[in-house]
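Quick setup: one chain, the form predicted alone, written in structure tokens, and binding and motion questions come after.
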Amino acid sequence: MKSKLGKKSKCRFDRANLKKIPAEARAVVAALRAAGKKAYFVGGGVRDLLAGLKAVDFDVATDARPEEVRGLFRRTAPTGIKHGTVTVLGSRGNYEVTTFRRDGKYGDARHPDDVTYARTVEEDLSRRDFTFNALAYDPVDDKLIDLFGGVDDFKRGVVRAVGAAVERFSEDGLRPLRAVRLAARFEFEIEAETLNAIPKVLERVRMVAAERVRDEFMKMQAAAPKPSYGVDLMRETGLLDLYIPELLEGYGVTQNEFHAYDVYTHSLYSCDAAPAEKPLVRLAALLHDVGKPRTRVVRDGRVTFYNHQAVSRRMARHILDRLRFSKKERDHVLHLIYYHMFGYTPSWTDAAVRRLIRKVGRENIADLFDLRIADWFGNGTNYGFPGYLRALERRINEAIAREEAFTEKDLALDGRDVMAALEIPPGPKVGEALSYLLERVLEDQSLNDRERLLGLLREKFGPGAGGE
């Protein structure tokens, strides 16, 4: 697949948008200026406002020293005092205020070993990552500082490093991933020198903590219109081989007649088709077929991937653990991957629908459907919403609306009732009895009545019963 989009920015830069900076944020700069200090809004917040996008962070750069900043504001936190940053705590938000600085060597490829305070904002901007992030705005004098052509780069749709790209990336090993993430978010091209620098600094990238890599990767899943663009940039530059080499196994691996793309491309397009507001579902879509290359078999000219969902789940577990996802996030993604191959036909009984709900979990149904639809659109041969999923969705919603029983918790009795009825202590026998009752109720919901369930218990497990 081609990763270079080279699009011009869809955003319309307008300096008037800078007037939208919240009053509380402006007050931080105003207080510094009133104290005789220089102060500017800097970074991505300025960029996003200029472009007419929603800005979240309003970071401030100043020549005031940290102790001076803390003396000017009633509520502050020394969040990055070692590197000159004090957070001013407001009622509507928090604002990072950082003293102008020049960075020393980056021993850990993430943070400077030492910083030297600078006198001017120009010195401070020269250490930043990309040209459209190296912008500063003085709201008091309505002055925009753009030393490196960041506004023009953004208008042209270009991600460009400030100064020498290899030097910028060697300072902070996360910057190559940030370049990819920003290119994907805005659908921009990475300028040639900046792109070519990434393979040269992979050893520095390797030093970055897995948690930071994970966060950058998931920001891309949440913000990019097409994460596939960023993932393929990672492949081209060697970043993907560092963190998710398993995806590369699918590159060029052809599938059966139901797929227009190889495994790798199908995975990327499935990721694109998943909802942006559900980044974990996008991640599941990216990894749902990662096990296909290891299960590929050709028999009589037909390609099969038997049990690939189980292999994909096992491989995805290693990937998610490598990137330090939480257990809750990991287990949710793995659950979706394992069950994404569920089958359905109109001949299913209501009991079969209830068993699917039980197996998948009512709370996971919506995400599983989103994954299945993304898989459908990602194969390149399907169009329109899959009719069979629409029919299954209707039946599931009807079953839920009827408040049918899907789990042991939905039964008309509980473990204490089982112990009392069978005169047994807590133990595996209680769970076995509840599972038996649920199976009967899944088949026939009319059995979910306390007295009828007690009768089934005694019949199955009581004295002289076959189950005793």
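Owing to the predicted nature of the structure, the values given are computational and were not obtained by experimental measurement. The first residue of the shown sequence is 1; numbering continues from there. The term rigid core refers to the most C-alpha atoms you can superpose between the two forms while keeping them within 1.5 Å.
Form predicted in complex with a small molecule: not shown, discussed below.
Visitor: Under a 4.5 angstroms heavy atom criterion, identify the one residue in 317, 335, 355, 219 near the small molecule in the predicted bound form.
Guide: Only one listed residue qualifies here, and that residue is 219.
Visitor: If the cut-off is 4.5 angstroms on heavy atoms, which of these, 379, 133, 85, 76, is the one near the small molecule in the predicted bound form?
Guide: By the 4.5 Å criterion, the partner-contacting residue is 133.
Visitor: For the interface check, one of 424-432, 407-415, 62-70, 37-45 should have non-hydrogen atoms within 4.5 Å of the small molecule in the predicted bound form; which one?
Guide: Selected range: 37-45.
Visitor: Quick check on residue 128: any heavy atom within 4.5 Å of the small molecule in the predicted bound form?
Guide: Yes - in the predicted bound form, heavy atoms of residue 128 and the small molecule come within 4.5 Å of each other.
Visitor: Does the small molecule come within 4.5 Å of any heavy atom of residue 308 in the predicted bound form?
Guide: No.
Visitor: How about residue 278 - does it come within 4.5 Å of the small molecule in the predicted bound form, if we only consider non-hydrogen atoms?
Guide: Residue-level check for residue 278: no, no contact with the small molecule.
Visitor: Mark residue 178 yes when one of its heavy atoms lies within 4.5 Å of a heavy atom of the small molecule in the predicted bound form, and no otherwise.
Guide: Taking the distances in the predicted bound form, the answer for residue 178 is yes, it comes within 4.5 Å of the small molecule.
Visitor: Given a core-based superposition, decide whether the C-alpha of residue 96 shifts by 2 Å or more between the shown form and the other one.
Guide: Indeed, residue 96 is displaced by 2 Å or more.
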